[in-house]
Every structure is written in C-alpha cells, then in structure tokens.
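Just the one chain here, the form predicted on its own, laid out as structure tokens.
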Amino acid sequence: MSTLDALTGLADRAAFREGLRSALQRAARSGTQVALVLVDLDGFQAVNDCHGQDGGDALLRAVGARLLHLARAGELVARLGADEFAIICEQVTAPAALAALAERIQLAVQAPLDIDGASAMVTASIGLASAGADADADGDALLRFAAAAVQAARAAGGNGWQFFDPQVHQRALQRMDLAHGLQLALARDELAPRFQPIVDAASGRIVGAELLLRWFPRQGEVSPAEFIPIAETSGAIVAIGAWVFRQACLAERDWHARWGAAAPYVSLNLSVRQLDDPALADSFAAILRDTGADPRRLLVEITESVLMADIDAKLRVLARFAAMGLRLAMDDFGTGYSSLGQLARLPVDVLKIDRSFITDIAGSGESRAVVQAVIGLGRALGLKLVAEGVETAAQQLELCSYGCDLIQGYYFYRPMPAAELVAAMARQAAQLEPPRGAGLYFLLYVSEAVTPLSPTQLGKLLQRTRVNNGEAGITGCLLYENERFMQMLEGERDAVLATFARIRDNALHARVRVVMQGPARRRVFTHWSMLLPDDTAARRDAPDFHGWQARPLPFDVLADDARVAYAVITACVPDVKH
C-alpha cells in the first residue's frame, strides 16, 4: 500500500497516522512536545469551478510544495484529504515558534498561482495543537484538537490561524450536546411555555401576555439565551416554533373561554430562520384551523433583523399572516437595521420599545427624548406602543407621561406558568390585587430673589439644581428676570412637592407663590433647564422680543392669570440643555 499521495507526492493519510504515532512515542521517551498543524484551504471549490479539475490539481500541488518548503528538515508533511494538509512538528519548545510557522503558512498559501494565464488564489484556516508525554498513543485526541482549532479559525472568518483552546473546545462540545438534545426535546416533552403579562401603562391591569419558551432537559434548565441561537443554527427552531405557535393558540382558546372579551391577547416571537421556511404560513394556518384560535388575539413579534436580507420574500410571508388576521409587532424597535421606509411597508400593528431605552429614562433627558420620539412616531403611524424591561415605578411614570400604551417588565410581573397567570387574572377580576397606577405631577410658582444674583451665582445655582433635579427625576424650566423667578417642576408627585418645599424654605427666595399645580398628562420638558433674559437663541422657535415690549410684565403680575404664566414658561422649552 502506497504511503504517498499520488497528486502531491506528500505523505498520505496512512503515512500521516503512522508518523504521528511514532512522533508521540518519541516525545513520551524524551519528555518533549509534539505539535500538529492542520491546514484547510478556504475557497478551493471556487478554483475548481473556475479553472476545472486540472486547475484545482495544479493549485493543490503548489500548496503542497510550499508547505514542504516551510517545514523543517525531518518534519512530516501530509495531504489528508481533498484540500486538507498537515505538518507534524517535533521537539516544540515555544508556542511563538508555532505561531510564526502559522503566519508563514498563511502568507505562502495565499500567494497567487498562474493557471493557464489566469491568476488563482486561496486562503487557509489553520489549526494548531500540541501534546506531551500524556498524549494518547494513536494521536486521535491531538487530531481532534487541531481540527477544533481549524473550525475556530474558520468561524472567525477564515484566512487565519488559531491555537486549540480547551475551553472553546468544551463549549463547542456543549453546543453539540445541546443541539442534539433540542432535536429530542419535543419528543421528551421537555419544553414548556411561560407567560409574562403585559399591562395597561396607567392602570397596571393585565391586557396581554408574551409567551416565552423554557427548556427543562434532564440535566436542568437551560437558558433561552443559550439554546435559542443553537436551535436557529441547527434548524430545530422550525419544529419548535410550530409547537410554540400551537401553545399560543391553545392559551388563547383557554383564556377566551374563561374571560371572553376581557381575556389577555397572546404574543409570541418569530425568528428570521422561521421566516425563511417556505411552509411557515401554511403551517400556522393549519394550526389555527386545528385549534380554533382567534388570530386577532394573537400577536407575532419580529425583530428589525428580518429586514437585513430578502425583504420582499419576508414581506410576502408577513402579508399572508395579516390576511389570516394575525397581528404583527416590531420587537426591540430602535436597535436594528430598519429604515422608516421599510417600517412603513410592514403590516405592523405594534411597536415594542427596546429595554435599552427604558433603563435610564427616569434620569436621562436623552433617553426621555428618544422614547418621546419613538412614541411620537408610533402615534403618527397609528401603532400601539409597548415598553419592555420596565422595572421601577419611576420608569412607569415616565412612560405614562409620554403616552405609552402598554408596559411589560419585572416591576409588574415576571414570566410565569399559565396557571399562575390565571390566578393573577382572578385576583385582578376580584380586585384583590389593586393595580399599580402612576401619577405625573406638575407645579408652577413665582418668587422674588432676596438679593440680585450675579452671573457667577446663577452658574452655581444652575449646576447644583441640575444635579439635584436629575437625581429626583424632576424636569422643568427656571426663568430668572428682573430679580424674579418663575419655575415649573414636573415629576412624581412626592418628588415635586419635596423639591418645592426646599425651594420655599431656601433663603434665596422671598414671597414664594404657587401659580398652579396638579396632575399632568404629559411632560412638557425632557430635561431641567434654566433660561436667562439673554437666552433668546436657546428658546425653541422664539423670535427676538427686544424692542417689542412696551411694558414688560414681571413674573408676579403674569402669575395673576395662570393661563398666561403657563403659556409663557411652556413656550421656553430650550433647544439645548442649559
């Protein structure tokens, strides 16, 4: 039996295996290291397609010759398969030497080759692994490790090299186990739905619930963040997704039978991989017929990433969903790739504001401005707005103040089994669990400065007050003119009243007078700011009034008519933060 590869003249696979065993035996006796360098060509099939088999063979012979030239004297160079090569390196003393060899191989392989007057080029994914006296005698483990390193290099985009990383390899093995387990999860009845209630933003009453998938294999629960990407990559998400849709339909039927028109709607997530399945719409239509679910009470959530490729095909699937009566939501809005033009093409009914915009909404004017803009966009398009990731009363307050319709998050409910949601609905119906409401409050006052304030004093007041109000979630505007103040405060009621109490007791103010106060439907200001008489340029769309005021009215006179005072201060929304 020949020990040479007929095409390249290098050692063949049989000779390589014998050479690897011999090298490991010598290493065991001498206490040295053996390294294995695997070289897989990237894009070799394209060379075959463009230049034919003869051209591909010429390239393989050239690559073999280049590797033989790079190897040290006595090192075995082999061709293991169609476009796979190996070098066995003995008495390896430092990883740096292997890294340098890999760099030289990478450059040598990608050097262009002339084939019948045309230039052909490939790159290589290179894997490096080493073993010492404790290696298995036949080298199977070392070969697997080097192959795993090749896969890591290819996963990183190819045209590179990677050392074998035991942790990376272990994670790859775990992913393989999870992928295998997911194929059996449905048959083993290991999947379970959980439902996170979606509530009315103002009243806190349950109006919907998102179905979230959970997996409970024998070894213990696996996080969705871990198994969902594997399900998408392996294709298991198609069958799992159909099962999830059926569970959503069954929940809708059960809840409608219990509560009729007051039943919560059910939302569920749809992945890009599912939308690529040509049978998806037919599958969903069959499940709807089988379960008798009302499609108008089902909300299918997609992310903006579905718009990255083959948009027209996906739009056709979504249009079929709409024709069935299913409603559509754009999930994680604002974090993906959609344009307003693409959004207008989608048959979307609901926008879900991503949690990343909600986290800082109570303390960040920028976050408030973004949320306000998204809600304004949704309103203009006639869409419902759902905010995700709401975890505090302050966040709820902000969302209510900008007119968000619905809220979802741990502040109200965590994901729960269906039986717990039924119990929560029963408590709500019996009013044993009063909903958590939110109340935005405002207060407008005028006062006189005890002593005139210099620009330096005003600057210190601005900095100190901005920090304090930011921490308290207070927005509004402070005007200072002719040694008088007018200020409007917005925020949670207790915070507004506590802030006003400190102002009233402050030695800076005299004759403090409340112009008006009470509940507010919306915030007027996204930040707290202070404007001075010469801040005309900072006032939104405001003309220059200098020269047009025959008798300027002081703030305490304006305060005699609350409508005039309110109009004056709300006209002073600045375009910039002061």
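In case it trips you up, residue 1 is the first one in the sequence shown, and so on. Everything quoted here is computed from the prediction, not taken from an experiment. The term rigid core refers to the maximal set of C-alpha atoms that superpose within 1.5 Å between the two forms.
Just so it is clear, the following notes concern the form predicted in complex with a small molecule, a form of the same protein that is not shown.
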Is there any non-hydrogen atom of residue 461 lying within 4.5 Å of the small molecule in the model of the complex?
-> yes
Would residue 396 count as a contact of the small molecule in the model of the complex, using a 4.5 angstroms cut-off between non-hydrogen atoms?
-> no
4.5 Å heavy atom contact, residue 487 and the small molecule in the model of the complex | yes
Just to confirm, residue 503 within 4.5 Å of the small molecule in the model of the complex by heavy atoms?
-> yes
Only one of 303, 162, 106, 499 comes within 4.5 Å of the small molecule in the model of the complex by heavy atoms, so just point that one out.
-> 499
Heavy atom within 4.5 Å of the small molecule in the model of the complex, from candidates 313, 429, 272, 508, belongs to 508
Can all three of 445, 468 and 478 be found with a heavy atom no more than 4.5 Å from the small molecule in the model of the complex?
-> yes
Assert contact_stretch over 478-486, 400-408, 387-395, 98-106 against the small molecule in the model of the complex, heavy atom within 4.5 Å, equals 478-486
Classify residue 479 as shifted (yes) or not shifted (no) between the shown form and the other one, where shifted means its C-alpha moves by 2 Å or more with the rigid core superposed.
-> yes
Residue 97 C-alpha moves between the shown form and the other one by 2 Å or more, core aligned | no
Superposing on the rigid core, do we see a C-alpha displacement of 2 Å or more at residue 466 between the shown form and the other one?
-> yes
Checking the C-alpha spacing of residue 472 and residue 412, a student should find that in the model of the complex it changes by 3 angstroms or more, with the atoms closer
If the CA atoms of residue 470 and residue 412 move by 3 Å or more in the model of the complex, do they move toward each other or away, so closer or farther than here?
-> closer
